[in-house]
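Shown here is one chain on its own, the form predicted on its own, set out as structure tokens.
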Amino acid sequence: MSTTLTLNPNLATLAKRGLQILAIGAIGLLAACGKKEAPPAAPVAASAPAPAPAKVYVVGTDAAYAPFESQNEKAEIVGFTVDMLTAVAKAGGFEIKFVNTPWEGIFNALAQGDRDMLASSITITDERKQTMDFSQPYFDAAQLIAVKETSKVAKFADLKKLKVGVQTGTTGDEAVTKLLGKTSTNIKRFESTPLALKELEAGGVDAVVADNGVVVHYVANNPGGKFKTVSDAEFTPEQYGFAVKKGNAELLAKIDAGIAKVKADGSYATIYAKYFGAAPAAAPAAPAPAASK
């Protein structure tokens, strides 16, 4: 015998509604468990770029030319030119670094960009101005003759038949070459003026022609050499300048501005007196038309 179970209509309705409520709850739960998107992050302000390091200009100098530029016992480059350019750089607002550079290659180093400027007792000449630019002059110079105390040399012309030492490529070399001739075997060329003066002391040459400041300094500091100096009005007055690569107007303007300030505030006179015992008679004037270095 079979028995038929009849479901109360009210109960059926309640069951149907319960299932609907469960379905809606499940959908809500699933929605609640879904991944929520994070709100967009606020834009981060870009930090200002770090300032570029200050340009440090590399200065070529032949540090074998006391009292202008030489090396002390610590191998530091020192001298009048060094102190002068250091003061000029500070006044002009730029940084420098001195690098010892042999005279024979110093101009090529500037032309090739290995040096930004040269500070090496360089005489301003028309010939040099064709390949480099010069600052305002910072030192007045002249050629001077060094001989032994017993020498009878009294003027430049007296050197015509003598053996004369010079530093290669200097204006002293140029002056002696004009006097003795380009092919003269009596011209003895050296890498530095001190080497030429040592040769004079040893008797290898009869005289040395070089810048007055270097000759006077060497003679004063080497009394055993028994030297004397001879000046001659025939020598053309000369002036030293700082050299930069041709067309580098920006750097040249900084140097000239620094020179003007150093002269105006008395620093130039102080530095000059430190090395030469007294302030200069007058500030360096405009460069001579032609050319000791």
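All values derive from a computational prediction rather than experimental measurement. From 1 onward, residues are counted along the sequence shown.
Although not depicted, the form predicted together with arginine (ARG) is the subject of the following passage.
Every residue of the trio 103, 121 and 128 has some heavy atom no more than 4.5 Å from arginine (ARG) in the model of the complex. Contact check for residue 135: no non-hydrogen atom falls within 4.5 Å of arginine (ARG) in the model of the complex. Not displayed here, arginine (ARG) is kept clear of residue 242 by more than 4.5 Å at the level of heavy atoms in the model of the complex. In the model of the complex, at least one heavy atom of residue 65 sits within 4.5 Å of arginine (ARG). Heavy atoms within 4.5 Å of arginine (ARG) in the model of the complex are found in one stretch of 233-241, 248-256, 220-228, 262-270, which is 233-241.
Scanning 171-189 for heavy atoms within 4.5 Å of arginine (ARG) in the model of the complex gives just one residue, 171.
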